[in-house]
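Only one chain is included here, represented as structure tokens and corresponding to the form predicted on its own.
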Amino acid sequence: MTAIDLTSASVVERAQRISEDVAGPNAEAVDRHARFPVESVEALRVGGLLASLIPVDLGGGGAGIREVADVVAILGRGCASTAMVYAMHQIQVACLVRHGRTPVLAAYLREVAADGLLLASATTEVGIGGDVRSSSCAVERSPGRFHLTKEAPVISYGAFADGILATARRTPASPASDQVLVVCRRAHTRLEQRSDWDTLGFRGTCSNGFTLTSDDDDAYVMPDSYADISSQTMLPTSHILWASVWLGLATAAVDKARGFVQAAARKSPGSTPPAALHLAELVAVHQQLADLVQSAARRYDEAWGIDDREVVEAMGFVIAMNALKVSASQLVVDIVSRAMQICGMAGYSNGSPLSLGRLLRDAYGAALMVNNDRINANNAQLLLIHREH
């Protein structure tokens, strides 16, 4: 890949080049072999995009959530697995930026920015049934030190991460819901693989299961409770950036459908192909998804910019972010399915340049990342007591 000119290219321009020159051309191989998108992540590191969300005074790009969401969508257009890795990394960065208000954690963020470190997450745990707001493992402390052992059924790209942010009970005596977030640095953490990642879609995220063991300075246990980190930062950032991945994926499907219809039109000048009507309908649905994602990103970005935590913890905002995740994960499947109907066998065939198989398989994973049923159940409880103002 040609070196990226950081002095003249904006964040979005750099993302566009990486998506077109690196992520897109390698997407099929990443999917076919279920391998980590090494080339794309290295390009993101070289291009400074892993540090986009880190404040300028800590060596980062100083971008907001809205700009990062745009980058995620651009990457998703080329390779959904690359976009998901980038999105999950930025979710962890967001938690450190907003809640790592200590000299030690600020220094770690400077290291993340300077060295292009890749951060992963370990919030799920064997035996808790997908409830990330509950932990069975606990932080054990000795003077100035912590020890943590966690059985994680999934740590996306854990084997490739330079740091992992893991949830755990605050102490062995704490209830399951009294959680903290622990920064597990690579040099102080051991991962023993327990399961493989052989899935229908998002194969390049390499989300194997591991036993995580970490021993380090207790300054790497984040000071804010995980309840606050989750509600104020992790959940809204996750829903927005995941939805941005699906927007990029959906855009790739629309691109293929548009190319199919335009090729048909060139074969019959002066006539409108029958599929053109379906393309118009597809573009309308895609616009719904784009507006949904972009408005949510803008809304959260405004609260992020002024550090307004009351806004993001308001019940109406939580309901809206939950609804974003559910709606976006349903719309992306609808969009890719419509595109396949337009492209016909060209979209159904794996060997075709218009193949939509990878996009459809990735799209079906959207509803399973924090299952939609769990999110709808949470919203159902909130709606029983929420009053619009």
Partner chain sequence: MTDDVIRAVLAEHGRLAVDVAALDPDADLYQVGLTSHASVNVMLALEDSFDFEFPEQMLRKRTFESIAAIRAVVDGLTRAEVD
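This is a predicted model, so every value here is computed, not measured. Residue numbers count along the first chain shown, from 1.
Omitted here: the form predicted together with the partner chain. The next part is about that form.
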Full three-residue contact with the partner chain in the model of the complex, heavy atom 4.5 Å, for A9, Q16 and R203: no
If you check P175, P143, G127, P274 against the partner chain in the model of the complex, which one has a heavy atom within 4.5 Å? P175
With the partner chain left out of view, which of R98, H286, K256, R170 would have a heavy atom within 4.5 Å of it in the model of the complex? R170
Among 278-286, 117-125, 227-235, 75-83, which stretch has residues with heavy atoms no more than 4.5 Å from the partner chain in the model of the complex? 227-235
Taking heavy atoms and a 4.5 Å cut-off, does E302 contact the partner chain in the model of the complex? no
Consider E313 of the chain shown here, and say whether it contacts the partner chain in the model of the complex, taking contact as heavy atoms within 4.5 Å. yes
